[in-house]
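For reference, the chain that follows is the form predicted on its own, supplied as structure tokens.
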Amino acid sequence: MFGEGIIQGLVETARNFFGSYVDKDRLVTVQYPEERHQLPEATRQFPFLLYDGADPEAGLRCVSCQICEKECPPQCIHIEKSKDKKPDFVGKLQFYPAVFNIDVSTCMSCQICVEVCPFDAIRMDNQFELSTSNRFAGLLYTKPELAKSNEYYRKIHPTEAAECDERRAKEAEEAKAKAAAAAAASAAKAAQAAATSPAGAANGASGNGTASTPVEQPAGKKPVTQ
């Protein structure tokens, strides 16, 4: 029949049109902001700084190596290195950022800063409700605003965070074992040096366990020991 295909197409269009109002699985919108879609784990917006523990200043992972600042394409990261040092997660003294700013108005969310960071100190956030009436200071994020806990990281990127924590734990164990081996080698070397020194040799000779015995002497003379 001529035009049957057109009629079937119109029926299908009508079914989809009216069905989108009654079928929950076919709704194309949500009642935002009361309702929100679950964001995919790979969602990324702007970077944030990771810290361990409860203190964002003491637990900050960043050691102010400034690699991310140098590699950032839009040059939106500004870092000022500290004058003193603090221990990192393996106990090694490291510098830390006295100032760490990110201008999100120019950030292109490329994630290059995350890829080049050797300390797992910077990651991508998934927050997108960042509008502000202040186009300058309101979009310049400082270190207190950027610092977020590892627990927050586990919440928004659980798979990636688990892999990161496992790798860092392994590195900490390897560093601890290496330090213990170095301490044992140093102690053995010190003991060997003490044993081969002149004072040690003299002590060893005097303590060889040989008892002194008196030698018979002619009458009228005092016995001599050897």
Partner chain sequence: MTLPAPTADQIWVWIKDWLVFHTPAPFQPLASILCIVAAIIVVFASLFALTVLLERKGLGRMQNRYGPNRVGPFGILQPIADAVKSLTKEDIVPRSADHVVHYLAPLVLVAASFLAYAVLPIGRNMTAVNLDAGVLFFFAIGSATELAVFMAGWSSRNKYSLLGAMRAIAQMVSYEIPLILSSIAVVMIAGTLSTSAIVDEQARYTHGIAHWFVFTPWGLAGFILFMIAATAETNRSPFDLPEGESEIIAGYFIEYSGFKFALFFLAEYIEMFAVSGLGITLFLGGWSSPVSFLAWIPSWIWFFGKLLALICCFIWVRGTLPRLRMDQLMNFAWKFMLPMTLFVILSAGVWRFLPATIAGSGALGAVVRWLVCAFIVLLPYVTLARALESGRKIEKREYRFAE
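Numbering follows the first chain given and starts at 1. Just so it is clear, the model here is predicted, and its values are computed rather than measured.
Beyond what is shown, the protein has a form predicted in complex with its partner chain; the following relates to that form.
Novice: Ser186 near its partner chain in the predicted complex, any heavy atom under 4.5 Å?
Specialist: Ser186 lies outside the contact set for its partner chain.
Novice: Does its partner chain get within 4.5 angstroms of any non-hydrogen atom of Arg36 in the predicted complex?
Specialist: Because no heavy atom of Arg36 falls inside 4.5 Å of its partner chain in the predicted complex, the answer is no.
Novice: Can you tell me if Arg26 lies within 4.5 angstroms of its partner chain in the predicted complex, counting non-hydrogen atoms only?
Specialist: Looking in the predicted complex, residue contacts with its partner chain include Arg26, since a heavy atom lies within 4.5 Å.
Novice: Given its partner chain in the predicted complex, answer whether the residues Gly3, Gly9 and Ser20 all have a heavy atom inside 4.5 Å of it.
Specialist: Judged in the predicted complex, Gly3, Gly9 and Ser20 all sit within 4.5 Å of its partner chain.
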